[in-house]
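Below, in structure tokens: the form predicted alone, a single chain.
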Amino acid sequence: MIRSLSPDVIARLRDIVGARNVISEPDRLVVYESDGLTAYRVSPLAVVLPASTEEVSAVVSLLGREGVAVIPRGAGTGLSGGALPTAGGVVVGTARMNRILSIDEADRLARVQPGVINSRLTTATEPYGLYYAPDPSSQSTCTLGGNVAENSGGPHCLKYGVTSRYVTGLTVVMGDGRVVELGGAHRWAAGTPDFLGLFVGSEGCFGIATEIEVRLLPLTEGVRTILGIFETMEAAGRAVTEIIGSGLMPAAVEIVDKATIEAVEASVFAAGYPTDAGAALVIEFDGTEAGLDEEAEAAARCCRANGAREIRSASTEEERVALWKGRKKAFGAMGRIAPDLLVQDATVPRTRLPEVLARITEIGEEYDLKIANVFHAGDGNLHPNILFDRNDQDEVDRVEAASKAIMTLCVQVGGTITGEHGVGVDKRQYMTLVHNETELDMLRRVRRVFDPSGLLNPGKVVPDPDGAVA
């Protein structure tokens, strides 16, 4: 494995993207040692920041000829170590590729570069009466390129689905530097393999998306948001099961637990949630005005039937933002509890939520760890946040053991190991919980079709067979 880049390679990279857009100084590389998952840290050999498809192609071609691994990186908000620099790797960041290339009002499409921030696209399309539906909790900082790599969802994916539903075309730089088009004008050709669908969610292991075409939706006519306050997480979980089981289709159903509420209310993000509550449940309906009030009231009845001690309703946009604030700012407030955070991500059947949540609490107690829960309850997508100090090796070991126990639990009840954060390096070891060796070998073979050299984001997603490079 290459441990350093020669001065000649550094010089050629600078020729491609400009001297100021190649970072090789050790003190500046610290910023790129991890993504949002700070439990793992590896310093890259260098960071290169191209500004166009042509520059990405030239950079990847050069690094490929030199046998240097390429680690794609968006905004670095990922939570599974997907942008972790592997030893001997160069980070290729897309932060400078931040232009909205076109907005097609008639066909409800937009074409963007991968460094465009998620929420900025909706801001740009609102004057056309349109918006971009996937809304990860980090949407004010995460980028469309990262969303494509992780197939990101968000609070409203219960009704509107995840990124793959909205991507209609991609320009992609392959591992050898070739530029290919996926989807777009050719997406409906009969007999054409769905390479576009295969690429979305491939976590930077198949190529780097340099242009992204996405489908837009018309702005909704009305929105109704309610907040339910519960004594326990289990009661909130039962309310979710009854809401969905009754035939209602909320746009979002989100839960935060007592530990999260306490952290938020003690921070600058205080949202007015009662700190003695066991859980808060945010429920939102949208669509045409007709029937929205009835749907919101039906959901409120489900909450009361399952022990909600208080129901708050938003009648203005300002009140809606206030009800959401405790959920939207949850991750930002976690730093008050501990210096490091491991955000787990698993999905379970909604009907198993109460027992799974109770067991996660027990796991935290067994390993003497603080676990704060924030999650998309409507589709059973759990985010247990394990809080710790990475300078305490004993605590780090307990975090790893607790993570494995949580993943195993979720699989045992009929769930899976990821809902929207990807596998990355963090959950790679858990792939054997949901795939047998034949399936894993098939995944490795598909990966080699896109990246025969194995230099694109190595060490991610698929575990190695007997120690060999996947």
Partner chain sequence: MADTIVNGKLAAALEAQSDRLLPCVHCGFCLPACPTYNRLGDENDSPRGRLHLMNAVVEGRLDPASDAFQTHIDRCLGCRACEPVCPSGVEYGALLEVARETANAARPLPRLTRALLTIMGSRPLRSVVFGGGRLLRTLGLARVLADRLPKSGRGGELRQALSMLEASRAGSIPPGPVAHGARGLPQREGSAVRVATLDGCVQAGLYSRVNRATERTLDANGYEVVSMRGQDCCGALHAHAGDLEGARRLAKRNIEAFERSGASTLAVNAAGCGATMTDYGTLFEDDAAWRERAERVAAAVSDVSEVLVQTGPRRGAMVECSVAYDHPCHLMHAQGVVEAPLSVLRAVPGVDVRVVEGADECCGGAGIYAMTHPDLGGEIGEDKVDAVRAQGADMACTPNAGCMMQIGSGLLRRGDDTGTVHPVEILDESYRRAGYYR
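It should be emphasised that the depicted structure is a prediction, and the values quoted were computed from it without experimental measurement. Residue numbers count along the first chain shown, from 1. Heads up, when I say rigid core I mean the largest set of C-alphas that superpose within 1.5 Å between the two forms.
There is another form of the same protein, the form predicted in complex with the partner chain; it is not shown, and what comes next is about it.
Partner contacts here mean any heavy atom within 4.5 Å of the partner chain in the model of the complex, and among 76-84, 230-238, 277-285, 364-372 they occur only in 76-84. Of the candidates Ser61, Thr408, Ser52, Thr38, Thr38 is the one whose heavy atoms come within 4.5 Å of the partner chain in the model of the complex; the others do not.
Proximity to the partner chain in the model of the complex, defined as a heavy atom within 4.5 Å, holds among Ile117, Ala259, Val399, Ala252 only for Ile117. Using a 4.5 Å cutoff between non-hydrogen atoms, Asn98 counts as a contact of the partner chain in the model of the complex.
The partner chain in the model of the complex comes within 4.5 Å of a heavy atom belonging to Glu33. Taking the partner from the other structure, the partner chain in the model of the complex has a heavy atom within 4.5 Å of a heavy atom of Gly332. Although the partner is absent from this view, Ile23 contacts the partner chain in the model of the complex, with a non-hydrogen atom inside 4.5 angstroms.
Contacts between stretch 120-148 and the partner chain, counted in the model of the complex as any heavy atom lying within 4.5 Å, involve Arg120, Ser137, Ser138, Ser140, Thr141, listed in sequence order. Once both forms are fitted on their core, the CA shift for Arg336 between the shown form and the other one remains under 2 Å.
For Asp389, a C-alpha deviation of 2 angstroms or more is recorded between the shown form and the other one after rigid-core alignment.
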